[in-house]
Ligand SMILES: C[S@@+](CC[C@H](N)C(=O)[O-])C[C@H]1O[C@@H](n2cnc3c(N)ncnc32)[C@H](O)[C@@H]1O
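Okay, here we've got a single chain as structure tokens, the form predicted alone, with questions on binding and movement later.
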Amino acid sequence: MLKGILNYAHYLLEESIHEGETAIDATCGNGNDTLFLSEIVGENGHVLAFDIQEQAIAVTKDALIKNGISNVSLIHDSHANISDYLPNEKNQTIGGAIFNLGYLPKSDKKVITRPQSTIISIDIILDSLKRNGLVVLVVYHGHQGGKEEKEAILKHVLKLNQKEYKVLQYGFINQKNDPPFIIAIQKR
């Protein structure tokens, strides 16, 4: 019936990304989305997984090794610099991307995603996204700085041209404590 936030995010990405494509995990965190994307793109595809925290890169690397995965590039850098890592081929487009906004669970809650870098990376990905591809943002906003990022991103995606993009907001409105929600952007 109604899918939970992370299950729905993964469902959307399964509909968007195909085997052999490039996918992006803009905030690899504990590696769960990176592993998921790796499976979708298959051994002929590739995943670019970003995080600014060394801890996140190390945990994700361990998960990749444990699962014998070799189709992922771990990038210890801000997702705002994503254009430095995108494939150079003109015909190479991105199949889809995911962001989990907020902070790395069980880590320093002062290290959070920021509106400016997130918006920059969204725009870069949208420019390289294939037709009918999706950018999925899981917006956690119940922490210090989270409401500001949520508002900035909502304001930004509301301005996207409806002839070029479809934008969906999905979330449960009767949950307490600032429940996360999804923003999904589909390129037309």
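Residue positions are given as counts along the sequence shown, with the first one as 1. Since this is a predicted model, take the numbers as computed values, not measurements.
FYI, the form predicted in complex with this ligand isn't displayed, but the following is about it.
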Give a yes or no for N71: in the predicted bound form, does one of its heavy atoms lie within 4.5 Å of a heavy atom belonging to this ligand?
no
Could you confirm whether G95 comes within 4.5 Å of this ligand in the predicted bound form, counting heavy atoms only?
no
4.5 angstroms heavy atom contact with this ligand in the predicted bound form for T27:
yes
Given that this ligand is not shown alongside this chain, does N32 nevertheless sit within 4.5 Å of it in the predicted bound form, heavy atom to heavy atom?
yes
Proximity to this ligand in the predicted bound form (heavy atom, within 4.5 Å), stretch among 45 to 53, 122 to 130, 62 to 70, 157 to 165
45 to 53
Suppose contact means any heavy atom within 4.5 Å; which members of 110 to 141 contact this ligand in the predicted bound form?
V111, I112, T113, S117
